[in-house]
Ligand code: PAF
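In structure tokens, one chain follows: the form predicted on its own.
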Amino acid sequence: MTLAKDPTATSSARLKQISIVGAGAIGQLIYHQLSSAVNASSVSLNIISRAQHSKQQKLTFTDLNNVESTYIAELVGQDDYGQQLPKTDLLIVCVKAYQVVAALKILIPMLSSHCHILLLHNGMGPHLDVANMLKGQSLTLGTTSQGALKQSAWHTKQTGKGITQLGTFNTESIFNSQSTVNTKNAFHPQKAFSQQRASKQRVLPESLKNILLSAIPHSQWCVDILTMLWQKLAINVAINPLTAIHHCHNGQLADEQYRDIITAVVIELVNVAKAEHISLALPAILDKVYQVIALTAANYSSMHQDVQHQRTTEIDAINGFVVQMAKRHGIATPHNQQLVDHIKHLELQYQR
């Protein structure tokens, strides 16, 4: 995982703007981390708001040492999308997985073809739809294990350190991964991508990589980002739904009663990943799952919080993504399907 030199890299002096979509805990955390970096490089930073009118908003951030800092953020309202979005060099998308496509359907037509889009959300799946929506923009994928919690609408507290992994989504990998799919359930990438588009794919320039990697602690540029995302997904398919269903902290999943179901859902994921030409070693992945359970023992998962607060969960982008991809390859995933069904049932109970 190395940061390769990009011969076509844009000079940081030419960069105009970085915009963040999603002002949740992670969105505000990333805003805080980028603030000092962009000030040093004279790049403006703003948050894309769903409100009609633009305004300035005071943001408060509390770090791991309980030190507070404040910022005055520019919230770009819909009235100013047409003026601000064409100037955006990097659009960082921090909304929930199920909100990604709807948000970008509105924003992508107003972005320059030279803009770069970074998806930073839980789970997988939206990247396949977003890649088909691009109008010349490049697509970067990311995952972060940093912890953050909103104290109020505009006050976020960092709750844990973590690694952030970023990398280019190579659309050519879609052709490779689908080359052996059963034709009965085949997903036809040529319908979504042309070989010409894949071969002319643009990548994040060195200047933007440097800003991200210098601003976000413990961040890495990964050539094999899809492998990293599948590894993170293996952790999420085990921890998220089980903590939500059993209303427990992450640490409780170390109990023997959960071992069989954790092993079963991870085995299914590893089999599906293999069909997608992603090689994951089962013993190492299971070890990682239990390491995270131990390291985050006192934490509640994001899906547990969603269920407790009666919000829509990201189950479709976690266990649901495993089930979706399995169907394309004719692979049975009954244990992941069972967890999807259980979470959907919980959602129905409070969404009626």
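As the structure is a computational prediction, the values presented were derived from the model and not from experiment. In this text, residue numbers run from 1 along the sequence as written.
The same protein has a further form, the form predicted in complex with the ligand, not shown here; the description that follows concerns it.
Chemist: Decide yes or no: are Asn240, Asn250 and Thr296 jointly within 4.5 Å of the ligand in the predicted bound form, with each residue judged by its heavy atoms?
Modeler: Each of the three qualifies.
Chemist: Can you check 86 to 94, 264 to 272, 231 to 239, 107 to 115 and let me know which stretch has heavy atoms within 4.5 Å of the ligand in the predicted bound form?
Modeler: The contacting stretch is 231 to 239.
Chemist: Using heavy atoms and a 4.5 Å limit, would one call Ser49 a contact residue for the ligand in the predicted bound form?
Modeler: It does not: once the ligand is placed as it appears in the predicted bound form, Ser49 has no heavy atom within 4.5 Å of it.
Chemist: Using the partner position in the predicted bound form, report whether Val292 sits within 4.5 Å of the ligand, counting heavy atoms only.
Modeler: Although the ligand is absent here, Val292 would touch it in the predicted bound form, with heavy atoms inside 4.5 Å.
Chemist: Find out whether any non-hydrogen atom of Asn122 is located within 4.5 angstroms of the ligand in the predicted bound form, and reply yes or no.
Modeler: Close contact exists here: in the predicted bound form, Asn122 approaches the ligand to within 4.5 Å, heavy atoms only.
Chemist: In the predicted bound form, which residues of 325 to 346 put a heavy atom within 4.5 Å of the ligand?
Modeler: Going through 325 to 346 in order - heavy atoms within 4.5 Å of the ligand in the predicted bound form - there are no hits.
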